[in-house]
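We begin with a single chain expressed as structure tokens, specifically the form predicted alone.
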């Protein structure tokens, strides 16, 4: 099978990630709750991973790295932990339902929000965000890379704009963490939400929230933290304030190894490889008359390793099914991002999405191109 659904989760995982997860199951116990060796080994591993993540994302402090069950959970922590009735937020028209569904819930609780339209240029996108700001805007949310179309949004410039007004910025880095450089301190981003299992090559069920200003957030869960256990009040210091319950030790061990893999391989090298593959495929598909391509030719500055298209009058699901019959795994449909599909008029049929990883090859792109050509004919 040729696996081209890496925007959903990277596959395969590096051998080092597999070994780290397996080793944690065999040698580690519940951290922070006991003084025996397996518990202490888990606690030490988690701290090391926190240090790596802090350095990788420019968190400013290890306490600003919060481990979560996933990127969606991280986004909910920010949206529901920061906004309250009477507040206003701005979101891009490329947001995933990980943002839009909690925003919808908060709108039913008195929070208003405005959707900023992405433009053909970064200047147009920035102007759209600027026009959407209000006197009561308390949060601006902008995905870093669209999970449908692969475009990189100018989150750094949006963060600079918001700093002028003292407005916190959150970015969904589900498709950019490990693929594009992103540094909270250098880029002025207050909250970065990222999954472990995509560009960081970890396993599913683990996420990260980088919170440069954790004091702005209320916690949305309470429970055992291994600290201050005599008190019924949740600890008020990070990361304990946000990390209730037993942590996902195998997931964090895998993330730690994934961070090592990405750092050793090089973010730029990974990104260049992925974009080179989808650019080759784009050029092949652009010569097929029955293929609809919705975005400009990918380039390394503005795109991740992701390409969406449709074939003739086929539904996206039919095309994906045909490709799977030929041994090629892709994603079809709306990709949990209806706003992004409305932006390009594909909300009714969806789109076929091909997404690459460091482990894909040019030969696989050639095989995909031939298979799509056969379907198109």
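Treat the numbers as computed from the prediction; the structure is a model and nothing was measured. Numbering follows the first chain given and starts at 1.
Separately, the form predicted together with a small molecule exists; it is not shown, and the next lines address it.
- Within 4.5 Å of some heavy atom of the small molecule in the model of the complex lies at least one heavy atom of residue 70.
- In the model of the complex, the small molecule stays beyond 4.5 Å of every heavy atom belonging to residue 169.
- In the model of the complex, the small molecule stays beyond 4.5 Å of every heavy atom belonging to residue 277.
- Remark: residue 241 does not count among the residues lining the small molecule in the model of the complex, judged by a heavy atom distance of 4.5 Å or less.
- The single contact residue among 259, 91, 174, 184, judged by any heavy atom lying within 4.5 Å of the small molecule in the model of the complex, is 174.
- In terms of contact with the small molecule in the model of the complex, the residue from 116, 139, 98, 281 that brings a heavy atom within 4.5 Å is 98.
- The stretch among 156-164, 102-110, 191-199, 121-129 whose residues place heavy atoms within 4.5 Å of the small molecule in the model of the complex is 191-199.
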